[in-house]
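Below: one protein chain in two forms, given as C-alpha cells, structure 1 then structure 2.
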Structure 1
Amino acid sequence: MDLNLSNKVFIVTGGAKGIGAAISKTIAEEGGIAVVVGRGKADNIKITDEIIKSGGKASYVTAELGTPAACREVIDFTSEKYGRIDGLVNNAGINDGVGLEKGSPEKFFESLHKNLSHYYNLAHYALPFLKQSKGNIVNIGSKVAVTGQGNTSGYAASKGAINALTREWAVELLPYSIRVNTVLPAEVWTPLYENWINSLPNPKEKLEQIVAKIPFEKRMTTAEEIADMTVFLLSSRSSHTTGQILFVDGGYTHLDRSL
C-alpha cells in the first residue's frame, strides 16, 4: 500500500526518542519529511542524521515545548523551511508522577503545561497551514486517561483532555477536511517507560506482572507498532477516519484481565 507521503511535511514532537523516534523514522521510510521536535539537541541531531543516512528526509527543532512562544517557533521554522505542513503528531509527554496526595497545585499546573498545553498551542499555530494542505493531526494519548494509574494526576488529566480534544477538534475542523485522531498506547518499552518502571519498588517483578497481563502474545507493544498506526492515520489512505481514539495495546485496556 502506498501511503502517498512523498514530500509531505510532518511535525513530530518528542520525535527523537521512544515512540516519537519510531514515528519520525516511519514517516521518512514512507517518503515523507519528518520535522523532529525535542528538547535535547544531541538527541535531535542523532535521529535526523540516522534518517538522512538511510536515504530519508528530516530536520529538527530544539525546543522545550512548555511555552506558547516555543510552539510558535516550531511552526515558523517548519513553514519557512518547507512552505507547507501536512500533519502534526502531538507526542511529547512525560508521566511525571504529580499525585493528589504527593503533589501540589503548582506542580499540577506545571504538569499540565508539560503534557497538554503544547498539544493545543501547536495545533493552533499549525492550523492555517493544515487548512491549506487539508492535513491532519494525530495525538498520542495514554491508557491512563481511561484506566487511571494512581499518583499521576497531572499526566492523567492531560491525557483525558487529549481524548476530549480529539473529538472537539475533529468537529471544529470538519469544514476544512482536517482529520484529528488519537493513538493510545498502554505498555511500550521506551526511555520514558524504563524511567517509570525503575521508579517503582522491585521493577523487574513489576514488569513481569504487567507483561503477563497483556492479552495479545503476553508482550509489550513495540514503538514501531504505534508508529505504523500513527503514520497510517497521517496518510490519505485513512481519508475517512476522524475523531477516533485507537487503542494499540494488545488488548490491555479492554480485554478480560483474567485471560
Structure 2
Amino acid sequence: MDLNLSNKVFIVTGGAKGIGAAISKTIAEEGGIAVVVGRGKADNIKITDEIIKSGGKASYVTAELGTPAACREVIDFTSEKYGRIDGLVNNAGINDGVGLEKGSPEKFFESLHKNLSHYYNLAHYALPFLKQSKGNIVNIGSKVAVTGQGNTSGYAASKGAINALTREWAVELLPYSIRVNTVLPAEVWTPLYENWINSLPNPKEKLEQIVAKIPFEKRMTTAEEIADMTVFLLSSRSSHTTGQILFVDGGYTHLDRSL
C-alpha cells in the first residue's frame, strides 16, 4: 500500500529514541522526510545518519521543548529548510513519578509543563503551515490516561489532557481539513521502559508479571507497531479519520486480563 508520503515533511518530537525513533524511521521508509527533534544532539545525529545511510531523508533539531521559543525554533527550522510542514507527531514526554502523596504542587506543575505544554506550542506554531498542506497532527498518549497507574499524577493528567486536546483540535481544525488523532500505547519495550524495569528489585519477575497480563500473544507491543499506526494516520490512506484515540496495546487496556 502506497501511503503517499513521498517528500512530505513530518516533525517527530522525541524522535531519536524508542517510539519516536521507530516513527522517524518508518516515515523515511515510506518516502517521507523526518525532522527529528530531541534534547540529545548525539542521539539526533545517530538516528538521522541511520536514516540517510538507509536511503531515507531526515534532518534534526536539538531542542529542549520546555519554552515556547524552543518550539518556535523547531517550526522555523523546518519551514525554512523545506518550505512546508505536512504533519506533526507530538511524542516527547516522560513518566516522572510525580504523585499525589510523593509529590508537591510545584513538582506537579513542572510535570504538566514538561509533558503537555510543548504539544500545544508546537501545534500552535505549526498551524499556518498545516493549513497550507492540509496536514495533520498525531499525538502519542498513554494508557495511564484511561487506567491510572498510581504515583504519577502529573504524567496521568498530561496524558488525559492530550486525549481532550485531540478531540478539541479535531473540532477546531475541521474548516481547514486538518486531521488530529492520538495513538495510545500501553506496554511498549523502549530504552526508558528497560531502564524502569531494571530499577526494580526483581526486574525479570516484574517483567514476566506484566507480559502475562497482555491478552494478545502475551507479549509487549513493539515500537514499530506504534510507528506503523502513527504513520498510517499521517498518510492520506486515513483521510477520513479524525478525533480518534486509537489503542495499539494488544488488548491490554480494554480486554479482560484474566484471558
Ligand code: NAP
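In this text, rigid core is short for the largest set of C-alphas that superpose within 1.5 Å between two forms. Numbering runs along the sequence of structure 1, starting at 1. Residues that one form lacks are left out of the comparison. Quantities reported herein were computed from a predicted structural model and do not represent experimental measurements.
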field: Structure number, where the criterion is the form predicted alone
entry: 2
message: Give the residue ranges, in sequence order, where three or more consecutive C-alphas each shift by 2 Å or more between the two structures after rigid core alignment.
response: 195 to 203
